[in-house]
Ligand code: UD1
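Okay, here we've got a single chain as structure tokens, the form predicted on its own, with questions on binding and movement later.
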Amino acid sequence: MNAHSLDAVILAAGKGTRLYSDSPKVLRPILGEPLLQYVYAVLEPVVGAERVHTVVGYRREEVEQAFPERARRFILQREQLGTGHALQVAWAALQEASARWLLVANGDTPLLRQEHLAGLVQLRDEDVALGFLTVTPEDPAALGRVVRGGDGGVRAIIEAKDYDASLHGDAKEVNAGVYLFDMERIAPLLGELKNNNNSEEYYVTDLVGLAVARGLDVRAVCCGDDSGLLGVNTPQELCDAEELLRVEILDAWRRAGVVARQGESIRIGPRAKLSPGVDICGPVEIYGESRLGSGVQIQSHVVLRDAVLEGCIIKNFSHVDGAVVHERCEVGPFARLRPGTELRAGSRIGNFVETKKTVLGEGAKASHLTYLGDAVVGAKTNIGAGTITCNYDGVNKHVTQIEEGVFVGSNTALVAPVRLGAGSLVAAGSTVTQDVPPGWRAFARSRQKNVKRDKDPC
């Protein structure tokens, strides 16, 4: 066993009753990402993705669905009897990983940073048995207090429900819930955890007092008044954490050369990437793996999720979800691009147009009131207002092929599978059920018949 080998475990089994949701606490989103994602993003670069374990319990199936690539390293805590019990349940699996040291963090700490962990991980060089992070918030009333002796050394952590200032002193330093354990020396103490407290739970914090009683070296690494380390337990704390992250991310992109107007109404998720020269005017929301290249302009009231944009304009009130938009394209206003859409250079999607699994060729346009689903549209084709591709027959989806230079008149229904040949024309109001040869014109509508009304409307 490597003397410095390091694993990590995230405690993520709780419901989070004070967040008033039936969803697992660690799946509550901030900036479009679940709380647990932020903790993974911090721990995995420190210990390696394959060495991060997660204790799950409440609605574990939902957590597994949210993180399928990590589920094989999940450890089930069937009964949620406290943080100490979670560690007891996980211990056998953690020992099999053969690491000497163990980092423990809660799954509701989106503001945890690698720099916070640096001082903790460094304690391995000093052969400390147990280390943990602390903070000194303005109001420590509802938090576990760190009790120190006259020499300044750590003596115990007392949970808020059990804290008595007359017995423990007026401690201002509180536990942040992030620990480093020497697994060899802490293992014998796990069996000594008791639940004789006001919550009737097994606390991981009790390991501190047990370790001190055994004469082991216990250290607290104070992170000042950084109360963001304390995790998310209430709706107010959820919103506060999100706002702190929102401002932090926005400021970083501004420093990197992004123009962000109306910044107080711009929300950018942690996985999004923006190039210098991107110009955004809020309100705007950018989530997931969105990638915005230089020259992209985003007008107000736009929502992007997993969007890849290159030198294009996204106009007001448009949604781009899982779509690729190339240079010189215009989208919107009031457009919706759904997953699988690709707009090639110079194409245009106008107001009240929706696309799904559709490729729009260079210079093609669909300017008004159109639905294009499972379609391939050739270069320089014009799609008239009110056109729809009828791609679903009730069982299967079918593809509409529209070749280059096609003109599709307004109020047209294209019943897939169907192909419109290059340079063909479809008359307005047609319902097309058969292929149209290249260069031909299609009329698929009944002849107009005028009949005099029986009663004069005037």
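Just count from 1 along the sequence shown to find any residue number. Owing to the predicted nature of the structure, the values given are computational and were not obtained by experimental measurement.
Keep in mind that the form predicted in complex with the ligand is missing from the display, and what follows is about it.
Residue stretch of 111-119, 311-319, 75-83, 278-286 approaching the ligand in the predicted complex, non-hydrogen atom distance within 4.5 Å: Stretch with heavy atoms near the partner: 75-83.
With the ligand left out of view, which of T381, T387, N175, S290 would have a heavy atom within 4.5 Å of it in the predicted complex? After the contact test, the surviving option is N175.
Contact residue in the predicted complex, chosen from W253, Y203, Y163, W101 - any heavy atom within 4.5 Å of the ligand: None of the others qualify; the residue that does is Y203.
Among G144, I157 and Y179, does every residue place a heavy atom within 4.5 Å of the ligand in the predicted complex? Checked in the predicted complex: all three residues contact the ligand.
Is the gap between A442 and the ligand in the predicted complex 4.5 Å or less for some heavy atom pair? Although the ligand is absent here, A442 would stay clear of it in the predicted complex, with no heavy atoms inside 4.5 Å.
Flag Q299 as yes or no: does it have a non-hydrogen atom within 4.5 angstroms of any non-hydrogen atom of the ligand in the predicted complex? Answer no; every heavy atom of Q299 is more than 4.5 Å from the ligand in the predicted complex.
Would you please decide whether G332 lies within 4.5 angstroms of the ligand in the predicted complex, comparing each non-hydrogen atom pair? Taking the distances in the predicted complex, the answer for G332 is no, it never comes within 4.5 Å of the ligand.
Using the partner position in the predicted complex, report whether G231 sits within 4.5 Å of the ligand, counting heavy atoms only. Flag for G231 set to yes.
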